[in-house]
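The form predicted on its own is given below as one chain in structure tokens.
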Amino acid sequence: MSLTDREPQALDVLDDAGRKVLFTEARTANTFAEVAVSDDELALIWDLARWSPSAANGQPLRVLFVRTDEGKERLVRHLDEGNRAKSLQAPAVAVLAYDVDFHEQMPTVFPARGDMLRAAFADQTEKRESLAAYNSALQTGVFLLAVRAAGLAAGPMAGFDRAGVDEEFFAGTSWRSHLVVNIGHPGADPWFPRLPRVPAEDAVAYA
């Protein structure tokens, strides 16, 4: 039997309820209820998010979960003023970062060629930075879906001083922050009105 004679692998299709949770009815939360986010919930988010694709399976995304009052006070001083109250109210805040030294993990995440890839990237700092930034952004999309899949709401925010956050939390490390995500259960009036989507005819082409 040739490969073309084999039955194609049947993949599961997400049902309508799952599509609503992850996509069609998912929203960015702007207020959060006073309900704690547990260690198990945060662990579940990461356990789902870590399966994201990334180039050569490099997995540069790193996450700092901030939950203590002291940690939040250290964080919010680096946020844009309009974002501070949201993060102080959120039960948990994830600082998403990328590791510019992700190549050090290549023997673990790509065993067949890990040593070769680690050596190839060792002296290419600028290329590693570019790859880490791009692939962590790809992983970040999956991270937001993971928050929703865990039954929680996400409030991603790019309005913050990256250099300040890096100095505050990541000094002396190879981590670089790129997004702050508030996490919790929706509070009072959590959603802004739903905004339109780009029409398919303006966004999709076929060849």
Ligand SMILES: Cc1cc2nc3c(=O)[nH]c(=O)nc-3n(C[C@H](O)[C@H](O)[C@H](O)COP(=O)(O)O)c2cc1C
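For clarity, every value in this text was computed on a predicted model and none was experimentally measured. Residue positions are given as counts along the sequence shown, with the first one as 1.
In what follows, reference is made to the form predicted in complex with the ligand, a form of this protein that is not presented.
- The partner is absent here, but in the model of the complex a heavy atom of L195, alone among L195, V13, A10, A17, sits within 4.5 Å of the ligand.
- Only one of the listed residues (V142, A149, L179, L44) places a non-hydrogen atom within 4.5 angstroms of the ligand in the model of the complex, and that residue is L179.
- The stretch from 65-73, 169-177, 153-161, 36-44 that comes within 4.5 Å of the ligand in the model of the complex, counting heavy atoms only, is 153-161.
- Shown alone here, N83 lies within 4.5 Å of the ligand in the model of the complex, counting heavy atoms only.
- R27 belongs to the set of residues with a heavy atom inside 4.5 Å of the ligand in the model of the complex.
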